[in-house]
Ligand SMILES: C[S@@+](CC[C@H](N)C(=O)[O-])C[C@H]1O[C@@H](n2cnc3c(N)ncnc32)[C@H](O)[C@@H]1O
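Below you'll find only one chain, the form predicted on its own, shown as structure tokens.
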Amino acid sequence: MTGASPEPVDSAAYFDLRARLLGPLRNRPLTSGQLCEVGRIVCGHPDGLSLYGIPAPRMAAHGIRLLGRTALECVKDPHPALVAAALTDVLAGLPVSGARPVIADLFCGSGNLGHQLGRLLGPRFGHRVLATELDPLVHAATRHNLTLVDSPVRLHHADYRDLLHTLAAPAVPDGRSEQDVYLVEPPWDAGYTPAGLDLTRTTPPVPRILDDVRRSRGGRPCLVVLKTSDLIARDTLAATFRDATALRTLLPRPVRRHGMNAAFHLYRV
């Protein structure tokens, strides 16, 4: 983002735009003007909508395609740098195994988080990035974008459980690495409520995803990064990760009222 400070975001304008992005614009590529509108209303400045290091006013010139739902739901720059810094601290203290570590982006969306983490963590820790996106329209747009920016992400049109199954049978004798990182951000859908994000009502529910990850690991520890809003409903975060170790909670600078901003949680599972 540029040096300009974000403007306070009008809640009514935000929810009106949200309804359009998840409604009539859900599966439509946004125009340059619409991308800048998303940046202004969602992020407080047109440049605030920035992916792959490219802000909204320059996306069209670079050929970037974003659908309405993706523009709303994506992890925006510079949030991945905050996540990468936290992961770097944690990964430096974990044992290195014979298996090359992976970043598994289970609900890829725009792919920006996996893309940036691959660039920031790969050179030091050797992570390769594998991603899945089940929605065919989102997959096609994201594959196009990742190709344009020469991304390290290997994107597959598949369900997240297909990737878990693949990683459950690695071609190395000592199993998966404890440095493996799973990125979890399913569609919030009915889980996004006035009382906060209810992790039991996302699609699929986050507790189910975490159980699937655990089963695929066969008891081998790993790291999980979960994106949420900054307000959690019914204490569902603590309940979902009750048997995991909380390592970090990251709260980027807010641009909207409490409950409407992004938060990231890092756990050892």
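Note that residue numbering follows the sequence shown and begins at 1. Predicted, not measured: the structure shown is a model, and the values here were computed from it.
Omitted here: the form predicted in complex with the named molecule. The next part is about that form.
Put simply, S110 is close to the named molecule in the predicted bound form: some heavy atom of it is within 4.5 Å. Heavy atoms of P186 reach within 4.5 Å of the named molecule in the predicted bound form, making it an interface residue. For the chain shown alone, A168 is not a contact residue for the named molecule in the predicted bound form, no non-hydrogen atom being within 4.5 angstroms. Proximity of D77 to the named molecule in the predicted bound form: non-hydrogen atoms within 4.5 Å are absent; the residue sits far from the partner. Here the chain stands alone, but in the predicted bound form its contact with the named molecule, taken as any heavy atom within 4.5 Å, falls in 131-139 among 131-139, 115-123, 192-200, 89-97. Between the options V83, L106, V153, V181, the residue in contact with the named molecule in the predicted bound form by a heavy atom within 4.5 angstroms is L106. The three residues T70, E73 and Y160 all sit with a heavy atom within 4.5 Å of the named molecule in the predicted bound form. Residues of 243-269 include none with a non-hydrogen atom no more than 4.5 angstroms from the named molecule in the predicted bound form.
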